Each structure stands twice: as C-alpha cells, then as structure tokens.
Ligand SMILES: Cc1ncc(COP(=O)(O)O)c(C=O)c1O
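Consider the single chain below, provided in structure tokens and representing the form predicted on its own.
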C-alpha cells in the first residue's frame, strides 16, 4: 500500500531579505521591521516538492537560454482542467501569458476600443479597475450586494447599466476579495444577460482551484458552446501552488478567431512570446503532480478561516468577516467601529502592526473593510488576529 505523504503547512519560513513584495516591501508605517504582512495574495507555504525539484533540475543544468513550451506543458493543463473542473478544452485553445492581468489588458486592447464601457463588480481586485482606466475605457460598476452575510450579483441593476457602448464584462470567479464561488445558476443567469446584450467576457479564474468543501467552481466558458465563443479565461498555477513569482499563466480562448487575434496582439503589440525556463518546468510539474499537496492545503486553509471566525466572534465581535467559499483571502468588516478609513489604517497598520489590504483599493463597497491573507501557518494567523484584538 502506498504511504500518504503528509505535507507541512505549520513551519514558519523566513521570507525576509528575499525581495518578497509581501515581506520586504510592506512599508505602510514606521517600524516596518515589526510588521506582520498579511496582504499580498501569495502564500507562506513551500510549493509542492515536485515543483521545487523541477526548478532545481533546470537550475542545475546551468544554461538558461530561450525556451519553447513543450507539448507536455499544455497536456498537463488540459488534464488538470478536465479532472478538477470537468472542463474539456483542446491544447490549441491555450495561450501563454506571464499573468492573468496581463492577459486581461491584452484582451481589453484587442477586443474593445477607447471610450468603450467595460463592466466590473466591486469590491474587486484593484487591477480590474486599473486595467479599464489605464486603457482609456469607461468603468461600469455593477456593485455586488450583501444579503444575509453573503455577496450576490445585482442582475437587475446590470440589465439597466448596459448600453450600446458596453462591450465587455470582467468576471472575477471565484471572487477576490469577497470569497464567493459563484453557483452554476448564478453564472447561467449572467450568461443569459451577456448573450442577449452581445458582450464579451474576460473571466479571471485564477482562484478556481482554491475552493472549500461543499462548493464547486464552474468555469464560465464551460456553460455552453455559445458562452465559450464569447469568453476569454485566465487561469494559472500561481495561486494554487504558490509560484506567482515565476510568471506562468494560461489564457484559454476556444473561439478560434478570437484566439488568433489575442495571440497576434501578444506577439506583435506587446512582445510576449513564451515563459522562462523555470516557469515552464514548475507549471508542468505543479499540474501533473501537485494534486495531493493541494488536497491537504485546502483543509488547512479552511481551518485557518474557521479560526479567524471564532476569534472574531469571541474577542472582536465588532469586526466581522463574510464566510469565504474559496480563495485564501477574507474580507473583514470594521465599519461598526465607527472609524474613518484613515483612522482604521492607522490603527491596524501602525497600532497592531499588521499589514492588510485597504478596502478602499477594491473600489466602491470597500470603505470600512480590509482584506486579510490567511494563506500562512496557523501560528501567523493567530499572531495577526491577536495583534488586531489587542488594539481594538
């Protein structure tokens, strides 16, 4: 009988002085050396051993020249999507991108024009807003609504917001920061709207593998051939296996005409061709061999969520968090404290010396909120919550 390998998620790994954005560039107040960073969305766990071994094999070769994607790279991704998400795609539908947000920007420039209107659903990952504005497009905010402690899409408002200049919808699925894993019924209702109004969809599904028990991620493009034909999907091993620094993402476009246009824009306009040698090896190893690691990481993350919820209820009842259905992020509501956002930042960043993401950076609906990253050893979660409790 094969012995189950037990992975270690409890060991605290020193990431300081590694050029880590999360640990070395958290300078939100004086005394940054004492700051506990729980903001940037990468995890503080070592990647699966097979991923580290793959990177070391490449490093040991000693020659790091130009590389091309082997067929096995795309085969591993196709197999992963089929096994984990029951989404059957062809290798020819896949394009390399250094990041999902990079792919989003390429799609915006390729399939919309300056002045066109693009929909997002705030509070949402800040680069969504920046990607629209930086490309000279207009933001249409179909703000999420909180009902009974759970965020939902406002479909009625969405219907009214669409006009003849609206071209695209940016879908965050699962949603960052509110942690929703959209149900198939919700996605089907959204699909009906985008079809009737002839909208394109860019679906950021980078957290699609990070879903807690009882929930299921449905790729938007998998709903129907008609929806697939108007959807560009971004996925990556970066969040799932903690390899964001290697810059390996995949853009899936099953519409052949759109895929060709996207690929041409990447190469001719943006000069994006292929990943570096380390990213290729790490991504393929992650998708081929990382499943058991992920299967143990998810319950560990779920237990971190439960710990935070229990500590808030016991020690800081004036602070609440929506229950995430996926991701390793939690959306904290501090509004009952009655503090201005500036005072809240001062209290958390400089008083507690915990680095969180300011809720206002996520757009409308973010005031009075902050995002916390619980993708770290339990001891760090405990320390972070204790520091916050001590100053409130």
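Numbering follows the first chain given and starts at 1. What you see is a predicted model, and the numbers here were worked out from it, not measured in a lab.
Keep in mind that the form predicted in complex with the named molecule is missing from the display, and what follows is about it.
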Seminar exercise, completed: Students should find that, of 285, 301, 100, 168, the residue having a non-hydrogen atom no more than 4.5 angstroms from the named molecule in the predicted bound form is 100
Problem set entry | Heavy atom within 4.5 Å of the named molecule in the predicted bound form - residue from 131, 176, 240, 121 | 176
Exercise. Any idea which of 71-79, 110-118, 198-206, 271-279 reaches within 4.5 Å of the named molecule in the predicted bound form, heavy atoms considered?
Worked result: 198-206
Exercise. Taking 4.5 angstroms as the cut-off for heavy atoms, does residue 58 touch the named molecule in the predicted bound form?
Worked result: no
Exercise. Taking heavy atoms and a 4.5 Å cut-off, does residue 253 contact the named molecule in the predicted bound form?
Worked result: no
Exercise. With a 4.5 Å heavy atom cut-off, would you call residue 182 a contact of the named molecule in the predicted bound form?
Worked result: no
Problem set entry | Contact label in the predicted bound form: residue 311 to the named molecule, heavy atom within 4.5 Å | no
Exercise. Who in 242-261 is close to the named molecule in the predicted bound form, meaning a heavy atom within 4.5 Å?
Worked result: 247, 249
